[in-house]
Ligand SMILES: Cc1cc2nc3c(=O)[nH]c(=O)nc-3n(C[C@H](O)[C@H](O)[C@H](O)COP(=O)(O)O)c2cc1C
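For reference, the chain that follows is the form predicted on its own, supplied as C-alpha cells.
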C-alpha cells in the first residue's frame, strides 16, 4: 500500500542491509526515477542522467566500487545519479525550443516583453553564465560581478566551480525526490557517497565531463538494515525566523 508524504518521510531511512528473499519490481524503480525528473532544477537545465543498474553482474562490480558496504552488497538494484554539466549547450537548446514552441515562431519584435525575456534568458544569459575557457573567463566574470555588486544585488555564482555546485544541487534534489518516491511504494534506499567515482565512471562508460553525484541502492529492508533510532539536531537549533 502506498504511503502519504508524511508517512514516506518517516519511513525513509538509509538502509544498510536488504532482504535477498524480497525482490523489487524494476518497473516501479523506473517510475520513481521518472518522478524524480519533476524535482526543481536550476533554470530548468536538468543537467543530470540516471543510470538504473538492474544487471546482477554490473551491480556486483558497482558494489565493489562502493567499497562493498552492506547497502551496496545486498542491494537488489542501484541507481547512479550523474551530473552532466557538460551538456549545458544541448539543454539550452531544448529549453529554447520549448519556449519558442509555446510562444510560436515569429520575429523578435512581435514577442511580448515577457516572451522576449524568456527567449533571451536561454539565448544570452544562460550561455553567458555557463560558458568558460580554462576557468579563466569565470574569474573575469566573477570580478566584474563583484564590482557591480558593490552598488546593487547581482548573481555572483560565475566561476566554473560555482556552476558545478549548482548542477550538483539540482541532481541531489532529484535524488531526494527519487528516494521519497521509493518510500511511498514501500521500497527502501540508501544514498552512498563513499565511492570510487572514477571507476564508476569507467564502468558506465561516462565521458570525462560527467560527475558522479551519488549512488543509491534499492531493495526491501531487513530489520537490522536500520542501524538505530533516527537522530536529528533539535529543530530550534536549525530553525531561524526573521
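Remember, it's a predicted structure, so these values are computed and weren't measured experimentally. Numbering follows the first chain given and starts at 1.
Beyond the structure shown, there is the form predicted together with this ligand, which is absent from this document and is the topic of what follows.
- This ligand in the predicted complex comes within 4.5 Å of no heavy atom belonging to residue 220.
- Heavy atoms of residue 192 reach within 4.5 Å of this ligand in the predicted complex, making it an interface residue.
- A residue is said to contact a partner when one of its heavy atoms sits within 4.5 Å of a partner heavy atom; residue 203 fails this definition for this ligand in the predicted complex, lying far away.
- Mapping the unseen interface onto this chain, residue 214 counts among the residues with a heavy atom inside 4.5 Å of this ligand in the predicted complex.
- For the residues 59, 46, 69, 197, the 4.5 Å heavy atom test against this ligand in the predicted complex is passed only by 69.
- Across the options 47 to 55, 204 to 212, 26 to 34, 183 to 191, residues that bring heavy atoms within 4.5 Å of this ligand in the predicted complex belong to 183 to 191.
- Along 2 to 17, a non-hydrogen atom within 4.5 Å of this ligand in the predicted complex is carried by 12, 13, 14, 16, in order along the sequence.
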